[in-house]
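Encoded as structure tokens, the following chain is the form predicted on its own, with no partner shown.
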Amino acid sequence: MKVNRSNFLKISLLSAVSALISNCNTQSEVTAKDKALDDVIVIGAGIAGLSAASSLKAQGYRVVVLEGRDRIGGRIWTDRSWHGIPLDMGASWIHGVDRNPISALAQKFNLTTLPTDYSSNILYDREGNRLSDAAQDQIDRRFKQVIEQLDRLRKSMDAAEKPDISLEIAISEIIRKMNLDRYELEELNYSIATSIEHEYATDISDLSLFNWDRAGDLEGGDRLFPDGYDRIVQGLAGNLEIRLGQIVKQVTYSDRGVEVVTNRGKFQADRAVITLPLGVLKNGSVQFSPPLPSQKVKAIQALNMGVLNKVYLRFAQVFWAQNPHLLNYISTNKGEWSEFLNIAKYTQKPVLLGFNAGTYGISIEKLSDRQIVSEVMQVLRKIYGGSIPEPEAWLITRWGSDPFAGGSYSHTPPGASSADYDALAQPVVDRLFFAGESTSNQHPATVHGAFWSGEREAKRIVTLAKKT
């Protein structure tokens, strides 16, 4: 989830999927047939769950997917309430299109994707003045120097076997030696907010110096879906058996199998694939009996869930530059309305998308929609003048308050490491298997990492079955 979009299915297939999901969602109780032993229960109809379920079904397994929401996709969620303007409220991009499984799915489903050029941007200072290319280059060079010094500090601390510290403490130590004035510090904070905190959906105070950037990247640039990311999950859902509105309360497991209790009844299976987001595992809303092993519990506690919230604004017409991909702002307070994606560039519709991460992204969740819109409009009027119109409509996410997510995606705080991702991925007594972006050591916080994790657990189950 770096913050990274047509008809690809025949009408009949879309209708079939819609009918299947609608039928599953209207079930109010579990019948005796539902309680019969299934091969595998998959908890969660996000990309990891759909990946695992489709892989297992292809191997001949009977699979039922239980989803608490009234829709599939999880943190892939395309809002289509604005006619003709599909807008992704969660995942937006294919991050690194080369050898990316989401790229392959986009091609398979004949979906359009468009590139994002992060260098195509206009940057405004705190007063709303546009900065020159030379001024932007200076800001970029200063930020690059900080990153290089961070790397040197990390290596020296690692060699001296010193304990991990937060990225904030490390950066503060570097800044003290740079003798920056007030405006240069604001510029550096802008770079930190847009290049680090938006990337990892959290403040630098909650990122590990040793491990914050250890994840692997794929090559090929980033592309988004102008027709909506949900086309991917619709294609994956195929003819899977998906039960919507099934809020999981308890998972009981033994060497004889697994029982899952939801708000609507009980399901039994030989095994279960758990794709609950880290935020849900951390809040303890799903009880495991017996409790999960201590190593897995420690991993859940060690890793953190970040928040990156979106605000879409629709206007009567475009009043900003239409060519740049991004419109950025150096705020007085770090990270407040510092980055806007120019949706008009991709859809030719008068829509802007603002991002907020970490503490500020969480804090505005408590505000009303109108209060949030008022705040962002103050920034836009500072840039474009007081005469710009009010937006006609808006869409606002609150991922931190979402009971089925508990945040946007995972990150590594001080003291945590990639070993915690591995621990979270480990199966329990060959009955419970765990998938999702927070179980991906190499590609956490990405859709492709989540997708691969679902395939990984499906292969693990198939391999185990062959041995037994």
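These numbers were taken from a predicted model, which means no experiment stands behind them. Numbers for residues come from their place in the sequence shown, where the first is 1.
There is another form of this protein, the form predicted in complex with a small molecule, and it is not shown here; the text below is about that form.
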Check D203, G358 and P413: does every one of them have a heavy atom within 4.5 Å of the small molecule in the model of the complex? no
Could you tell me which stretch in 171 to 179, 379 to 387, 138 to 146, 275 to 283 has residues with non-hydrogen atoms within 4.5 Å of the small molecule in the model of the complex? 275 to 283
From the list I41, L56, A45, L424, which entry has a heavy atom within 4.5 Å of the small molecule in the model of the complex? A45
Using a 4.5 Å heavy atom cut-off, which residue among I232, L308, A299, A193 comes into contact with the small molecule in the model of the complex? L308
Touches the small molecule in the model of the complex: V64 (any heavy atom, 4.5 Å): no
Decide whether A104 counts as a contact residue for the small molecule in the model of the complex under a heavy atom distance cut-off of 4.5 Å. no
When the contact criterion is heavy atoms within 4.5 Å, does P391 count as touching the small molecule in the model of the complex? no
Would you classify M89 as touching the small molecule in the model of the complex, given a 4.5 Å non-hydrogen atom cut-off? yes
